[in-house]
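Okay, so here's just one chain, in structure tokens, the form predicted on its own.
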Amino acid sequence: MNDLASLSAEDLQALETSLAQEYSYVAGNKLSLNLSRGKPGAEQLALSEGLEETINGNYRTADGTDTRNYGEIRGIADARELGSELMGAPADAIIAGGNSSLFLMHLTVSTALQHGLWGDARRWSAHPEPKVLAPVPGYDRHFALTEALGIGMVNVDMGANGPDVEQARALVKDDAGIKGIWCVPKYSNPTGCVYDDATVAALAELPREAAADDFVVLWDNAYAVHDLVTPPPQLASLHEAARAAGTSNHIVQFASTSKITFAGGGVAFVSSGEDVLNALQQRLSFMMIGPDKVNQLRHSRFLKGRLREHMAQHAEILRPKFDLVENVLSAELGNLGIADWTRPQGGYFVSLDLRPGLAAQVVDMAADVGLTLTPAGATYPYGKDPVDRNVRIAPTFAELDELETAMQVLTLCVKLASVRQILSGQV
């Protein structure tokens, strides 16, 4: 099939009739499919069943700490070493927390807002309208967290190598109300891009260029080791770039094992300069006597010396799913001129861009025949995609046969909605 925009009205009408009949047939199948969240599949979770065998009655760390007892609020040394491998930062610059990096992000942002991160009078709430930069399309949970704390968001365009740094510089240099920027630097959610070296260096410098003296780069490296290709693309060390720029206390990195072992029972990490770590430790001390150190010990033993091997097993499971998504998109939409999509080398998502004005319609059409997708607009702050075109595909949780069916349904909806839009004379 040729570019749809080049077809005659008669051919488009015939195509619409055919696609509508196919859509009606699919609706009669009473499907129940879901591509809405980036969850590990059951086969991935099974890779970590050996976690339960690592303790075997020995609860003491390499330095003799009894993990069954109170204390070690920054986490055991063994776990911080694991965090170092994930984050590219020294273990003494890391706190190993509970099972959720999202919790540590909330802790960091709420502390910056209400108490400050540097042991002085600086706090975001001193400004009447604090806000952060939000690269778009981006991660919906970052946006939800920010909105829940009453912090505003300003969109920054996401490109193939990361956020538009020049745009970010222009926004922060004269506006002291802009207090930070969210980043997913490797296999960004949802586009899958990897920040290039120049972008990493520029972001490390950004706190020095910002009008706000309490500006923070919030670096959520959720997919640091989630590669699908060998050799994988390399991400420059933000820790080293920040140290060179003198901005270590304005860079906060996050990571976790949530998609490495058990999604609900992993270990989360936060890394920054000592001032920030002290501030976070103080806030944590009001919430707990110490983290789950037994789970930290379990993870550090299970993954020590074999993290790369373990993630290669994940890749073997996920690669066919991402290949399937690419194959169906190419076969069904590749020559039609109605969609563009990313081809990530790792991570958990594929970003699909449609003709402007169609994302919400396609998501609704899919839902009506039994396919749940991430809500249209979710990849933008406040759920508002300004051109209503981005759809996030999360292929990891479905089995291959279900994924094949889901992608055929999705592409059918895209084609039918696009034909109808062209026939109506809209953009």
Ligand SMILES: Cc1ncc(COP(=O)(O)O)c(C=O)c1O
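Throughout, we count residues from 1 along the sequence that is shown. What you are looking at is a predicted structure, and each value in this text was computed from that prediction instead of being measured.
Another form exists, predicted in complex with the ligand; not displayed. Remarks below refer to it.
In the predicted bound form, segment of 231 to 239, 154 to 162, 217 to 225, 116 to 124 with a heavy atom within 4.5 Å of the ligand:
Contact-bearing stretch, as computed: 217 to 225.
Exercise: residue 315 in contact with the ligand in the predicted bound form, heavy atom 4.5 Å: It does not: once the ligand is placed as it appears in the predicted bound form, residue 315 has no heavy atom within 4.5 Å of it.
- Query: Does at least one non-hydrogen atom of residue 189 fall within 4.5 angstroms of the ligand in the predicted bound form?
  - Reply: Residue-level check for residue 189: yes, a contact with the ligand.
>> I'd like to know whether residue 381 contacts the ligand in the predicted bound form, with contact meaning heavy atoms within 4.5 angstroms.
In response: Output for residue 381 is no: heavy atoms all beyond 4.5 Å of the ligand.
Close approach of residue 322 to the ligand in the predicted bound form, 4.5 Å, heavy atom = Close contact is absent here: in the predicted bound form, residue 322 is far from the ligand, nothing within 4.5 Å, heavy atoms only.
Which residue, 102, 73, 294, 244, is the contact with the ligand in the predicted bound form, using a 4.5 Å heavy atom cutoff?
It is 102 that has a heavy atom within 4.5 Å of the partner.
Which pick from 276, 184, 132, 204 sits with a heavy atom within 4.5 Å of the ligand in the predicted bound form?
Result of the distance check: 184.
Contacts with the ligand in the predicted bound form - residues in 30 to 56 whose heavy atoms fall within 4.5 Å
Stretch hits: a single one, 38.
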